[in-house]
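What follows is a pair of forms of the same protein chain, given separately as structure tokens and numbered structure 1 and structure 2.
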Structure 1
């Protein structure tokens, strides 16, 4: 189908969202809660765009482009004065929430905000509740170790009842997707800690080089899902590459 984004004619597939179409055509739209591997949530609202339909003259609407499906003939604007103004206000609000978070501070600067115009209630906060960690843990990893709890201004992310995340396998996917980098994964010797979820794990050393591969719980978790032995699961990626590289060189195949 054909539509226009910022007056540029673009082609889209059925089922694509406006954000996907825009990014495929190198039209930038800022996001914080969006990750291409996860189901879109539409919660940070930074990706708001204006849509108009030629069949309804005068009608316009602001929609979250990460969840709005592309439509034939749609006229999309990604950076009108109104939208940029709203984005700025939203970023300003996030800065008031996390005034010391480097990622948010940098984003605010990009929008010309050096200091928030709003009240800072708790300067230590780092999480913007985008929910990417929760989604990756549940939808991609399948561990469901953390979730959102509470509501409104008191909403939080964490393990059930604030205790240790029992089903956490220590894979670190949550930290990987976190847009504000507020989930710490700390490896010391053969111990991994994720303080935010109150968990600690034993790391398994690579059977070749001794460098930590991943947590014992993670390896066991994966073993339950794939047919691979320790020669694969307990070998670090560098040694695996070297092993298969040598094998292919010697035998011509894996």
Structure 2
């Protein structure tokens, strides 16, 4: 299908969102709560765009581009004066919540905001409550080790009652999807710590090179769900790639 984004005619596939189409054609739209591995929800609203339909003169609508599907003939504007104004307000609020977070500070500067115009309640905050870490832990990994609790300005993300997350397996998926990089995964020797969830794990070394593969708890978690032995689960990706590459080269198949 054909549509236009910022006066540029682009092609879209059925089922693609406006954000996906824009990114495919190198048209920038800011996001925070969006990640390719998770179902889009349009929570942060930074990806708002204006849409118009030529067959409806005078009609327009603001939509979250991460969830709105591409349509034939749609006219999309990504940075009108109204949209930029909304984004600035949203970023200003985010900066008030996390005034020292590098990702938020950089985003704010890109929109000409050097200092928030709102009251800062806690300058040490790093989490914007997007919930992506909670979703990946529950929906993709299946561990459900963390959640959201509290209300209003006191709302937090973490394990129940702020204690150590007993069901956490130390996979690090939460840190991978976090848009503000506020979840640290610290590997030292054969020990992994995730301070935000108050957890520590034993790392399993690769059977071939000795490089840490993952946590023992993570490997046991996966072993209970797939039919794979230690020769796969306890071997790092580099060594697995080298092994199967050599096997294909020698035998012509896996």
Partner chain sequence: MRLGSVKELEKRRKSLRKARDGVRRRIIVCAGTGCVAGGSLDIYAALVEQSRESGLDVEVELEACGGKRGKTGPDYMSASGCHGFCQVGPLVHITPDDILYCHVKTADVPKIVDETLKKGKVIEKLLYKDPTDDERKQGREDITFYNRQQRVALESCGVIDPESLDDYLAHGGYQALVKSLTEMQPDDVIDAVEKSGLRGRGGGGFPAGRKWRSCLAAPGDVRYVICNGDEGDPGAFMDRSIMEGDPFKVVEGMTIGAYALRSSSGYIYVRHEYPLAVQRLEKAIAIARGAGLLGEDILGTGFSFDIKINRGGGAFVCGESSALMRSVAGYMGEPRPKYIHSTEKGLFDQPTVLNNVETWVCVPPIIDRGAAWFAAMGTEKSKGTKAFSLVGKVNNTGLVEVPMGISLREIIFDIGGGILDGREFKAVQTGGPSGGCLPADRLDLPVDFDSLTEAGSMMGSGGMIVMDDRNCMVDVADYFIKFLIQESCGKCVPCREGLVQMHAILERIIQGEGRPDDIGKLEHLADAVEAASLCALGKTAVNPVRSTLKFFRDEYEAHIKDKRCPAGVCKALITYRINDNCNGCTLCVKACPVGAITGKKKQKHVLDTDKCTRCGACEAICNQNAISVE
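Numbering follows the first chain given and starts at 1. Rigid core: the largest C-alpha set superposing within 1.5 Å between the two forms. Everything quoted here is computed from the prediction, not taken from an experiment.
### Task
Kindly point out the structure, among the two, that is the form predicted on its own.
Structure 2, which is the form predicted on its own, differs in this respect from structure 1.
### Message
Give me the smaller rigid part's rotation between structure 1 and structure 2, in whole degrees, relative to the larger part.
### Response
Expressed in whole degrees, the smaller part rotates by 15 degrees between structure 1 and structure 2.
### Query
How many Å does the Cα of residue 17 travel between structure 1 and structure 2 when the structures are matched on their rigid core?
A shift of 5.1 Å at the C-alpha.
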